[in-house]
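Below you will find one chain, with nothing else, as structure tokens; this is the form predicted on its own, and questions on how it binds or moves follow later.
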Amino acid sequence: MTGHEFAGEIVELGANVHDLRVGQRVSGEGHLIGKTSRQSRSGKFHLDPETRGIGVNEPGAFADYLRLPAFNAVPLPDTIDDEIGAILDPLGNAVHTALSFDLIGEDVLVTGAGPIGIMAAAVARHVGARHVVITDVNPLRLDLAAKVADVVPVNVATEDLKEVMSRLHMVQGFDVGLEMSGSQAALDQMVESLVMGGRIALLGIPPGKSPVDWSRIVLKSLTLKGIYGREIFETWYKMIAMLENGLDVRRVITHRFPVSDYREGFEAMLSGKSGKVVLDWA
């Protein structure tokens, strides 16, 4: 629940909209892009520097009605219900991050067991990763991760990650890292836990400038890729296809409230004891 995650029905169309219909169920890509940049004109919409975010730079989705460019509307198949449609935005972040590198048969380390980290771990397992380990210091979030996906949760405050790797018969280290926490300590541990030539996708945003031991990254020949949002619209196609093909992230939703109880929804979100929180406008 961030202000730009939503699913609903179209109640009115603009004059030049011909491929959508009133009453159609849609989710929405929350990044409003420009049309003049090199990135946008070449179809790399998610890299457009003029992007404005709904709920960040533009009024958000906590309203009875939301105006959205038809370009940003993503039709929902009947197999995806409204509450899953409402979390496609963060699921898209997880899918974009997880699919940045080939994961088939690879050992994957996910740092940060927030809802997006948990969903990224679930995606990694769904697409064929061998071992998926997710780390955090919040035992409730780690318990939730184990309920959502077939992953190995590790509380790094009380467990030794190297011992876990040994138990999984991992000789060299993890092949791919998905950094979802924004924690410098987590990134440092990930760098040390990856194989030579390992790959890291970075979604977590540190709270400020962080010291990085670049010599370790260089000498281990690591590849780092920054992740922002979703690939418009390739990520949407892939995550909808995976949901229709058995990817199940519903248990990441831990709280459901009518919109009139939004205060309780925010309290649950801020408590650190929740996964995703869904508000129902019905």
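Just so you know, these numbers come straight off a predicted model, no measurement behind them. All residue numbers refer to positions in the sequence shown, first residue = 1.
The next section is about a form of this same protein that is not shown, the form predicted in complex with ligand NAD.
query = 100 to 108, 80 to 88, 177 to 185, 191 to 199: which one contacts ligand NAD in the predicted bound form at 4.5 Å, heavy atom to heavy atom?
reply = Of the options given, it is 177 to 185.
| request: Would you check whether ligand NAD, in the predicted bound form, lies within 4.5 angstroms of a non-hydrogen atom from each of R141, L203 and G229? | output: So, yes: the whole triplet contacts ligand NAD.
Of L168, V212, V127, V137, the one that lies within 4.5 Å of ligand NAD in the predicted bound form (heavy atoms): Only one option qualifies, and that one is V137.
Would you mind picking the one in V132, A149, V95, I116 that has a heavy atom within 4.5 Å of ligand NAD in the predicted bound form? Selected option: I116.
Contact flag, P153 vs ligand NAD in the predicted bound form, heavy atom cut 4.5 Å: The answer is no: P153 has no heavy atom within 4.5 Å of ligand NAD.
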